[in-house]
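One chain follows as structure tokens, the form predicted alone.
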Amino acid sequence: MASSEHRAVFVSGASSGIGAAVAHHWLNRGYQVWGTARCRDRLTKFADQKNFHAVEFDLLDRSAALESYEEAEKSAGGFGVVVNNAGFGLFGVLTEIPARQWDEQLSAMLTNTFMLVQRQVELMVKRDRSATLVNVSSLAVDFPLPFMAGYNVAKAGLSALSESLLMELSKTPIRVIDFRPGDVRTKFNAAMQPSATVAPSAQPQKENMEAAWRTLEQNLDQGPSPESVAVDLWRAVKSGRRGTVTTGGWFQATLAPFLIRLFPQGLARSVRWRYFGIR
């Protein structure tokens, strides 16, 4: 990472939250950062950063996203660090969310991200030099969030992809990090407000939905800052880590994953349900 040819970083979803914090952290240390958003206008906060390169990038459009990445990679001369962070949540009863929304979420966060990672790895292997690929999944891999089935599936799939790549790339200079944040103090929940009305078929779930939403909001409000998450990622990359790296509040990121491995699955599930107010 000390070589100038490796001082290029790619961060998807850089317009806000964890992605923006990661981009700022690397920029403040003299790195060139290519940050993405679905619309360039959402990246104006980086306008005064001469080392920032805005990339319009929408994972719902696979071919355009791949083309945007390839252009950025060529412009950078290869990336020393790639952070796949873009994603979004949907909150609601499984049977009540329209199929179109499920398709969009799973296409963007799983299928199209898979194809993007495939191309990223291909170009990294071709350049044959040290690089770090970071896939931002979630502690939801171990602790699925209630009424967020699509998000849970997408993040679990991304984590499995990282685990597969760890084995496939073991003989290369490419490191893979499955980066799992817990609840972080961002505006993540603002983009997935629950519906004010609940369909008759979902009425039995209304009480559980309201309890789960209150817990999610409370956890996000009390979570660590995205800047602290960016620091954890920086340290992981700089120390040469690979594999699973958790980040977040001490209870969520450190104690809970340890305890959950000691509990029988049924007991762990019961504790998780009680935590979210599920009856």
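All residue numbers are counted from 1 along the displayed sequence. The shown structure was predicted, so the numbers you read here are calculated from the model rather than taken from an experiment.
Just so you know, the form predicted together with a small molecule exists too; it's not on screen, but the next bit is about it.
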Just one of 95 to 103, 159 to 167, 120 to 128, 81 to 89 has residues with a heavy atom within 4.5 Å of the small molecule in the model of the complex, so point it out.
81 to 89
Can you confirm whether P144, V245 and V271, the three residues that make up this candidate site, all sit within 4.5 Å of the small molecule in the model of the complex, judged by heavy atoms?
no
Under a 4.5 Å heavy atom criterion, is D58 part of the interface with the small molecule in the model of the complex?
yes
Is there a heavy atom of N208 no more than 4.5 Å from a heavy atom of the small molecule in the model of the complex?
no
4.5 Å heavy atom contact, A37 to the small molecule in the model of the complex
yes
Hey, in the model of the complex, does K238 get a heavy atom within 4.5 angstroms of the small molecule?
no
